[in-house]
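Shown below, as structure tokens, is a lone chain in the form predicted alone; questions about how it binds or moves come after it.
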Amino acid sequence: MKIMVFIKQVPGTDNVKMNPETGTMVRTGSNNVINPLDENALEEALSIKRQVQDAVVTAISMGPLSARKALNEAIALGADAGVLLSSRAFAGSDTIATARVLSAAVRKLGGADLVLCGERATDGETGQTGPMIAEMLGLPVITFVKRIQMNGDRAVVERMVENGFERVEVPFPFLATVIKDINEPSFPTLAGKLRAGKAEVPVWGPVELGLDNGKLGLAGSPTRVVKVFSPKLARNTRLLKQDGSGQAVRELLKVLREKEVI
């Protein structure tokens, strides 16, 4: 079984910076971390690997060369291989352009029986990339997954819905986006770290993936951030004291009507 997991480096919550000219996030900081839900996706892939004989887990990440660190962490945890998708042509990609690159990587690797990714990333919170990858690969997609149970040539999957959960039986191959409740990410072992230190992580760009630069990065992204700004906080407090006459209530209602609150 070929299992592929997408992992993304995101800025730490205290290290988020935006480029005001392009409206894109700056991803060159040294305090980047693996997207938390992608850690759950990787842990689930490794759990399935322990259950299925000859299963192979490949971690894939798109980002600057510094994202190789995330792939080394994945290998230290137990992934068999890692692939980094890195090129200046990818900079500024929206979810559509990102899905285009990630799906091309899966095709270059010969396809997958199971593709896993986090339900969303903390830097964008869109939850769009996973389903878009599935569409581009022609795979069934199951979102908000909290449990995957192997059952021969198919899997029984539980996914969270508004009022409970659904149990779905789906044949391989398929793509699943997982939630935090699916597992508890583990820690790497010393042996895993030593193995990761020796691992070679190939770097693929548009040429290796057979992609047109015009469909990548900002040029290939139909989504545009029109403006990025920091909101100005201002308070103009008006104190109305209740004296039993009802005047304060009337004044309050007047203010609310002026502000079109009521």
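Fair warning: this is a prediction, and the values are worked out from it, not measured in the lab. Whichever C-alpha set is largest while still superposing within 1.5 Å between the two forms counts as the rigid core. One rule holds for the numbers: they count along the sequence shown, beginning at 1.
The following text describes the form predicted together with a small molecule, which does not appear among the structures shown.
Undergrad: Among S93, C117 and G124, does every residue place a heavy atom within 4.5 Å of the small molecule in the predicted bound form?
TA: Result yes, every residue of the spot touches the small molecule.
Undergrad: Partner absent here, but in the predicted bound form, which of 229-237, 190-198, 205-213, 59-67 has residues with a heavy atom within 4.5 Å of the small molecule?
TA: That would be 59-67.
Undergrad: Given that the small molecule is left out here, which of N72, S103, S87, T129 has a heavy atom within 4.5 Å of it in the predicted bound form?
TA: It is T129 that has a heavy atom within 4.5 Å of the partner.
Undergrad: Should Q51 be counted as a contact of the small molecule in the predicted bound form, where contact means heavy atoms within 4.5 Å?
TA: Output for Q51 is no: heavy atoms all beyond 4.5 Å of the small molecule.
Undergrad: Residue-level contact is defined here as any heavy atom of the residue lying within 4.5 Å of the small molecule in the predicted bound form; does N32 satisfy this criterion?
TA: Heavy-atom contact with the small molecule at 4.5 Å: absent for N32.
Undergrad: Check whether I7 has any heavy atom within 4.5 Å of a heavy atom of the small molecule in the predicted bound form, and answer yes or no.
TA: Looking in the predicted bound form, residue contacts with the small molecule include I7, since a heavy atom lies within 4.5 Å.
Undergrad: Is there a heavy atom of A55 no more than 4.5 Å from a heavy atom of the small molecule in the predicted bound form?
TA: So A55 does not count as contacting the small molecule.
Undergrad: With both forms fit on the core, has V207 moved 2 Å or more by CA between this form and the one not shown?
TA: Stays below the 2 Å threshold, so no.
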